[in-house]
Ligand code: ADP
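A lone chain, given as structure tokens: the form predicted alone.
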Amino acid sequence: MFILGVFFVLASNYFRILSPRITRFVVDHIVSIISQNKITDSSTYPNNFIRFFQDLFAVFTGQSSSMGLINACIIIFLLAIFSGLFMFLMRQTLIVMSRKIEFDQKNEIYSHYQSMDHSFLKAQSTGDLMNRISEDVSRVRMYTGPAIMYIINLSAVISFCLFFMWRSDPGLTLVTLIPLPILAFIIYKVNGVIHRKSEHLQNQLGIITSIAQESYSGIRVIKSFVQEKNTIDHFHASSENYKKESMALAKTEALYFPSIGLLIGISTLLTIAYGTLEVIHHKPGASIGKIAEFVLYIQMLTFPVSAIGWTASMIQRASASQKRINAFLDILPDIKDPQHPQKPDFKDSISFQHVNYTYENTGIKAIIDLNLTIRKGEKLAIVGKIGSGKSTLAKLMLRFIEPQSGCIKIGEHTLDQFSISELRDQMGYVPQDQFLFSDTILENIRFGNPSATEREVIQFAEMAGIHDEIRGFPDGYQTLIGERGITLSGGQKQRISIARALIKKSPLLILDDSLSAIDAHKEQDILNNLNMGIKDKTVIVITHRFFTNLHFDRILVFDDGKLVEEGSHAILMERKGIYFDLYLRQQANQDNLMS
């Protein structure tokens, strides 16, 4: 499409550039008739078809001094039609090409987002990531489409004009081009300023987008703390900075157009003055028609030359945006698939061997020298205080993060020997922060298994204890929920998330504090259903609470990143250690709530 576009640009401008030459003939012919005060040349009358095509051929070969006047007018009209046709095709190739590049680039960035690991995504602001895939890509498209089109168009127009101008009159050509070095200097100086300011502007836009996105997501928190004014002031301050940067860039860009207009006007004035002197002094080849021809050439150069500033601005902005995009695309995920991945088999045991993990940003040691074996079909509860490392254990199993020392194995293979997607496909996971999409309840549950039937969705919704409430909604399972499930209660979101994990039918199920927002009555129903539905699964329940109605083979107690106790409920109560204290504290809290 690019190659075709270049051809259409050349063709369109070639047909345009022939018109001034014919205009020169027409003007000189009319001046000759007026000076003789009579019409004697039969070539001013319509000719036959043979003569017309002879004249047309003469135009393309540069021999236009003897064509008929009417034929010249018809040819100018036809040249305009051909030029317009090829201009249309030019836009249909180069602009469409840029849209296809935009499509590919957005898909590439989005795919790269999906491939990045947990640590990268946690460190980035959503607004800045959104800005790269929207605003930055749009600015790059302005380069790959309009900017490239105008660059080629500018090159073609200047080349054709200079060729025919020099061929017609080298001296007049040099006089006409005197202002161009000044113009080139202005463009060179201003381009550097535009590039720097464009990069600052894009960074500031990313900040504004991040502030807006965080405000939209946390609007309930903002309102509950009555922080609307402070939030608005913060956004207003960032917007003010963006406005100042934009105004500074606009002022810089504004230097182009008046400067170019002045220089084009000077060039036209010099052309008319020099050409008139040539006619007065009867220089060979000098004529009024030649002056008209050169003025038309200057007019043809006006838009491409004036577009240099706009095009340069687009290039500089695109350069700044592409730099930001490249900086993102050059970041490779730390957690990658092996070259020859093994297939995970959860019939084997999962073992942690001297596993350690410390969060780099905070220096918190979340897991310290963990040695643990989880047998197939085993039901484990992991309890402990907040920050004791329970959720980190789940992230390590899912390979959201990697252990800094030690290893995690399934059978004889470490986790980094498996395909990430196949490994996670064998796990059903309900995180602490449940995320629901702005879609129907049906599709949110089916997200765990896109091929599941509606009957299966209902079955697992019943198992998660949410079916009756869904049926009570006006639209049932077709009820649309707001962003992140904002229209549902915390308990409803948790149960829909549980149903989504269960419908996956994976051999390993991890529930990370997934029943915290559910009342005691509902909790009882869910636990009874889970006892029936997870018989053959390996289940890990991470919790702050103690469930006496759910049978656990072992209970693991974590404290400050260490596995400090393990055993059944009865054994741990007999030891009267950390588990004993936590359990008594929960019982006391429940008694206080009931009283």
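When you see a residue number, it is the position in the sequence shown, counting from 1. Only a predicted model underlies this, so the values are computations on that prediction, with no experimental measurement involved.
The discussion below concerns the form predicted together with the named molecule, not included here.
Asks: Exactly one stretch in 339-347, 465-473, 385-393, 217-225 has heavy atoms within 4.5 Å of the named molecule in the predicted bound form; which is it?
Replies: Careful reading of the contacts points to 385-393.
Asks: Any chance Lys283 has a heavy atom within 4.5 Å of the named molecule in the predicted bound form?
Replies: No, Lys283 is distant from the partner.
Asks: Is Arg196 close enough to the named molecule in the predicted bound form to count, meaning some heavy atom within 4.5 Å?
Replies: No, Arg196 sits far enough from the named molecule in the predicted bound form that none of its heavy atoms falls within 4.5 Å.
Asks: Against the named molecule in the predicted bound form, would Ser421 count as a contact residue? Criterion: heavy atoms within 4.5 Å.
Replies: Looking in the predicted bound form, residue contacts with the named molecule do not include Ser421, since no heavy atom lies within 4.5 Å.
Asks: Taking 4.5 angstroms as the cut-off for heavy atoms, does Leu329 touch the named molecule in the predicted bound form?
Replies: Leu329: no, not in contact with the named molecule in the predicted bound form.
Asks: May I ask you to choose, among Ala248, Leu174, Ile364, Leu162, the residue with a heavy atom within 4.5 Å of the named molecule in the predicted bound form?
Replies: Contact residue from the list: Ile364.
Asks: Between Phe435, Phe235, Tyr359, Phe88, only one gets a heavy atom within 4.5 angstroms of the named molecule in the predicted bound form; which residue is that?
Replies: Checking each option against the named molecule in the predicted bound form, the one that comes within 4.5 Å is Tyr359.
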